[in-house]
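Provided below as structure tokens are two forms of one protein chain, presented individually as structure 1 and structure 2.
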Structure 1
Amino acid sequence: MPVTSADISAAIRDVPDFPKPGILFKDITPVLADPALLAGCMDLLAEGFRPGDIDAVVGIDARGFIFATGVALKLNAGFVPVRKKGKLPYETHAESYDLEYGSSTVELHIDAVKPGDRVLLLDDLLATGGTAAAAVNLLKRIDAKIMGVRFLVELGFLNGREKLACSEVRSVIQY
């Protein structure tokens, strides 16, 4: 029987007051530890795509890498990491974005995604949307064709989806 989003949601552990008081952290490590649930995540994140539909699955640093590599294998596509500034060894494209206090930058190698490449962008969590929006903007700036943006978990009450200038945004689980 296929794994459902309800199965995955039931395995996600709530951790109160992490990383600071007042935050209810959604811990996906029990999902990652269960091979059937992990495989189900890959199936649900890849849903609607077949091998050959996507040239590259782009994963956002760091937990997005877990899901993006599995989905890339499933779709017979390459994997491309979007990393925090200074973590990639070669020349990069960069996109900065604002945080609550300060700013941050994400990067990808200049030869990792080419204009016209069909990409699927993945991350584990959509919260406020800053990092995902920066990744979307970066991919658009280099003329990649964004076929979809997918998240395992979305915290809808934080309205991160509103920052994403994409029509194809999906989450497996929404809180």
Structure 2
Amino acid sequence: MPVTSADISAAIRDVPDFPKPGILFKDITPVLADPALLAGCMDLLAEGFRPGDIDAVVGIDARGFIFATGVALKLNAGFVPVRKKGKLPYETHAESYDLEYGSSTVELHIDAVKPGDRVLLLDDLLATGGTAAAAVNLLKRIDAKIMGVRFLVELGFLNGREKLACSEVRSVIQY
């Protein structure tokens, strides 16, 4: 039987007050540790795309790397990292975005994809959407063609999707 989003949802562990009071952290490590669920995540995230449809799957630092790599292998595409500031060795574009307190910056190598390349952007979780919106802006700066933005988990009540209105957004599990 194929893995369903309900199977994956049942394995996600809620950790209250991590990393700070008031945050209910969605811990996906039990999903990753189960080989059937791990493979199921890649199948569900890649749904609708076939090998040849996508040139590069872009993953957001750090849990997004796990899913982007698995989906890239399924779609016969390359993997490209969007990283937190200061981690990429070559020349980068940078985008800053607001957090609840302060701000953060993500970076992308200037030659990570060629103009017009078809990319799929992935992360583990969509919360306020600030991180993913910054990644979308980076991809636009290098003229990538964004074919979709996908997440394993979406915290729908935070309306992160509104920040990504220009792209096709999908999530496997919604809370």
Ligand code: AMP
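All residue numbers here refer to structure 1's sequence, counted from 1. Values in this document were obtained by computation on a predicted structure and should not be read as measured data. Take the two forms, find the largest set of C-alpha atoms that superpose within 1.5 Å, and that set is the rigid core.
Each structure shows the same chain on its own, and structure 2 is the form predicted in complex with the named molecule. After superposing the rigid core, the Cα of Leu158 is displaced by less than 2 Å between structure 1 and structure 2. When the rigid core is fitted, Ser167 shows a C-alpha shift of 3.3 Å between structure 1 and structure 2.
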